[in-house]
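The form predicted alone is given below as one chain in structure tokens.
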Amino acid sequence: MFETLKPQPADKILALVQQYRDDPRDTKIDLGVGVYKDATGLTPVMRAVKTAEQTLWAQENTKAYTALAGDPAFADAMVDLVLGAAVARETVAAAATPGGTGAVRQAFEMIKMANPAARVFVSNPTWPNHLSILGHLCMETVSYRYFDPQSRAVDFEAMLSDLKTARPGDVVLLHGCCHNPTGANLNLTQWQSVIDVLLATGAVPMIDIAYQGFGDGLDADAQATRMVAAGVPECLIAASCSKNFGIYRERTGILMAISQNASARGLHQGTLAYLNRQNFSFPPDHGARLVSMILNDPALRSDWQAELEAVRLGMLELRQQLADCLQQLSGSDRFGFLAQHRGMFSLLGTTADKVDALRDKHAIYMVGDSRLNIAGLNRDTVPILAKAIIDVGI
């Protein structure tokens, strides 16, 4: 039977990782993988996570299942972190998932259950897993314009024009902050215009927020998500703890379903639990428990926020250094967008052949669409990258 299976396309990022590993040059630079790295190239365990793990190891007395939706303390802590006081807690249903990817998958499953004919509007470009999962679920997608490769900024008028074609029952997928892969974000005035379009069309927003705290700060990065949640009748939010808590391998995420109709919460909560049961039953608990311990302990939370802020400021410094180096080398401010973008990623907006030239001539690895991971740089490698960018004619 299984001989009928067809080969699946290789994951381009994982293939890039293997190319990088096989490259014998000691000057090689990895800017492809979407994982935070410090100046030494390590993805560190955060101090608060280490402390929480030590406490958990000493105090935990069972490895029994929690619940289909995960530990309620985790849900409460994450709803507060992401939404603050934007909506009443009783309007939010929430379920823990295996990472942010698991939350995205469950959200798409919920959409398909509610409206099999729903079209999902997806930004061009977006995180590759969005389109991959939607294709696997045979859900119709509609691309909306987002990034202008000339200005390296949001093509907002084109974005609005495309979103206005949505219909009631459609879903608009939005990035909560630090747009992956472009790094170009909407401002709050633009977010309000998006909310106005959602209200006019009757489309439902789904927000993927995976980098809260990496852009302008924990609360500032959540502000747009909170505006949407408070401003529309219902929405979905998929949140990840991989980046801002540095617990990638613990696969810690959450899906929230919000409705201004508080009576809908029970139905939504039951649906989220049902979907978990069908896909993996009980979600992972270790990472979720660490997150709730940190968020509910003032000392741990303070230390976590301080370390996260240092990470954020470090990436901003690298962005500014790279923009400054490129300005000096090019005599132009055309790379100023790098300092304006936020989060781990920026899209250079160049061609695949020039990305290939960066790899072949300079051992600099990035995704073919020219997405580069700012966190893959350090103060010593920024000038190397800048010279290479100018050398290949970007």
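The structure presented is a predicted model; accordingly, all values stated were derived computationally and were not measured. Sequential numbering from 1, following the sequence displayed.
Unshown form predicted in complex with ligand LMR; subsequent notes refer to it.
Student: When ligand LMR is placed as it is in the predicted bound form, are Lys37, Phe214 and Leu313 each within 4.5 Å of it, taking any non-hydrogen atom of the residue?
Tutor: No, none of the three is in contact.
Student: If contact means a heavy atom within 4.5 Å, which one of 29 to 37, 347 to 355, 58 to 66, 327 to 335 is the stretch that engages ligand LMR in the predicted bound form?
Tutor: Contact-bearing stretch, as computed: 29 to 37.
Student: Heavy atoms within 4.5 Å of ligand LMR in the predicted bound form: does Arg152 have any?
Tutor: No, Arg152 stays farther than 4.5 Å from ligand LMR in the predicted bound form.
Student: Even though the partner isn't displayed, in the predicted bound form is Lys243 close enough to ligand LMR, meaning a heavy atom within 4.5 Å?
Tutor: So Lys243 counts as contacting ligand LMR.
Student: Mark Phe121 yes when one of its heavy atoms lies within 4.5 Å of a heavy atom of ligand LMR in the predicted bound form, and no otherwise.
Tutor: Outside the cut-off, so no.
Student: Classify Tyr144 as contacting or not contacting ligand LMR in the predicted bound form by the rule of any non-hydrogen atom within 4.5 angstroms, answering yes or no.
Tutor: So Tyr144 does not count as contacting ligand LMR.
Student: Given that ligand LMR is left out here, which of Asn276, Asn185, Thr91, Asn180 has a heavy atom within 4.5 Å of it in the predicted bound form?
Tutor: The residue in contact is Asn180.
Student: Pick out the residues of 117 to 139 whose heavy atoms come within 4.5 Å of ligand LMR in the predicted bound form.
Tutor: The stretch touches the partner through Trp127 alone.
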